[in-house]
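Let's start with one chain on its own, the form predicted on its own, as structure tokens.
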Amino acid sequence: MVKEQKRGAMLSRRGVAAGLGSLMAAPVMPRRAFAASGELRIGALYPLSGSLSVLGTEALAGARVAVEMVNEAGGVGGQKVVLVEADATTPANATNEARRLITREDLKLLVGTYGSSISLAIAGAANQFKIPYFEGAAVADDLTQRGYRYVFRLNDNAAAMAKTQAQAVQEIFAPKIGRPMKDLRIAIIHEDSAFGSSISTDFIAQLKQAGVTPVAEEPYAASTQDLSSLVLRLKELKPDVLAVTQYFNDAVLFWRQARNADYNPGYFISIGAGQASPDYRRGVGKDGDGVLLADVPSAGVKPEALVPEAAATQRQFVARYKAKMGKDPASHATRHFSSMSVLLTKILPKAGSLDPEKIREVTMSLDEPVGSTILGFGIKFGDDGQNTRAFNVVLQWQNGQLVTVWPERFATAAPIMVPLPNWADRGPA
């Protein structure tokens, strides 16, 4: 079902313009360059129901904040931006919804989504109709490796996440216990969609470069209601390091069942999906403290690591998001805000229309240094549509807060609880 976004509470135009800073530096094009209706309509596909709904809703909320800020500052080319939203829950559903938005709603631009399998389906549909598609959070490498001319991803990919995951083992854990990485027993578990499988493949490649062969790789369905048998296998295996890729529901389920079975991973490093949401902390309580994750630097990036305009935008985004959602923005919400902001302020005004070739030309011309977006990314797209200046950091839950602990340029705290204490030493959940 389609619903058009309603405009939220507004700040003064002067305050918005100051907060947007460099985001609004792009030239304003005449209104006639877009549609004559006074509205710039963009298809927005997100998983708003089903197992990915928590993360999909948060991702859409981040995109909505970017739209509000741009609209309050005058829109794009004088036109109000309207998101035509669709619920994309499975690859088949996402394909149908993308085609419907293109053919029935006559939309010329799509954004989304969250899940990698869903994003691959949307990208395929967009490519069929030669419609630009901007992905804001999905990380499967395959998205930008299929030769699609009008698919673009500002955020990081699976290769970047897996590389950081491996670096965290080598630079944080191995020195703490005084053993080289090649002597560590490393096990991998992951949900079995394109997201988890892509991360696992890249992580194993990173391990092989370091001379490490994992002792186990265990895929499972994210929709499962019981991971106890997997937990027991890991308890028997006793790996030094457990590397995981999970969505929200299975992330909470696994950690709860690990405690119930008294499975004590010495070092736990996840990919920032399920563990990155504030709701993860609510789901596992203080048991979340010590959990490390490779993700974008969205958790309180040091202002001095950003250009001043990006730092101001970051503050305004966090304040608006918290007012809307009642919690801090997780990484996927921040990703979608950043991607939408770049699209609306740095690409479309310069393109002057929704012509796919003009959009691609402007996107390919962007060249901004690290620190120029609120995630700390720079912007420089490769020919495949992947931002080559996106990267990951290591975050950790500490005393109920998600903080950046590596590398030093972005770190706001030092890592703690390495290795993790046993459940018996933690006290009650």
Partner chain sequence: MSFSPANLDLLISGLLLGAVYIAVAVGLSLIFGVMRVMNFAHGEVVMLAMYAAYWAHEAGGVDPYVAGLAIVPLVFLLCVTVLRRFVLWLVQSPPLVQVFATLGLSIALQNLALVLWGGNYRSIQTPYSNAMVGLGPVHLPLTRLVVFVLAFALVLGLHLFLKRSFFGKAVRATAQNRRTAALMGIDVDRVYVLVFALGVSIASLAGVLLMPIYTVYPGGGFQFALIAFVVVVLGGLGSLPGAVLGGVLIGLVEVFSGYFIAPSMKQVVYFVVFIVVLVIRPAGLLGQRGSEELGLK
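Positions refer to the first chain, counted from 1. We call the rigid core whatever largest set of C-alpha positions still superposes within 1.5 Å between the two forms. Quick caveat: nothing in here was measured; it's all calculated off a predicted structure.
Unshown form predicted together with the partner chain; subsequent notes refer to it.
task: With the partner chain left out of view, choose which of Q209, S223, Q128, T103 has a non-hydrogen atom within 4.5 angstroms of it in the predicted bound form.
output: Answer to the contact question: S223.
query: Pick from K358, R99, K163, R259: which residue has any heavy atom within 4.5 angstroms of the partner chain in the predicted bound form?
result: Spelling it out, the residue with a heavy atom inside the cut-off is R259.
Exercise: Q401 in contact with the partner chain in the predicted bound form, heavy atom 4.5 Å: No, Q401 is distant from the partner.
query: Contact between P303 and the partner chain in the predicted bound form at 4.5 Å, heavy atoms?
result: P303: no contact with the partner chain in the predicted bound form.
- prompt: Closest heavy atom of G285 to the partner chain in the predicted bound form, within 4.5 Å or not?
  reply: The answer is yes: G285 has a heavy atom within 4.5 Å of the partner chain.
- request: Using a 4.5 Å heavy atom cut-off, state whether F317 contacts the partner chain in the predicted bound form.
  value: Because no heavy atom of F317 falls inside 4.5 Å of the partner chain in the predicted bound form, the answer is no.
- prompt: Among 349-357, 91-99, 249-257, 167-175, which stretch has residues with heavy atoms no more than 4.5 Å from the partner chain in the predicted bound form?
  reply: Of the stretches listed, the one contacting the partner is 249-257.
field: in the predicted bound form, residues of 42-60 near the partner chain [heavy atom within 4.5 Å]
entry: In sequence order, G50, S51, V54 come within 4.5 Å of the partner.
field: Core-aligned C-alpha movement of V111 between this form and the one not shown reaching 2 Å
entry: It does not reach a 2 Å shift.
message: Quick check: I188 between this form and the one not shown - does its CA shift reach 2 Å or more after fitting the rigid core?
response: Result for I188: yes, a 2 Å-plus shift.
message: If the two forms are fitted on the core, does Q128 show a Cα displacement reaching 2 angstroms between this form and the one not shown?
response: No; Q128 is a residue whose C-alpha shifts by less than 2 Å between this form and the one not shown when the cores are overlaid.
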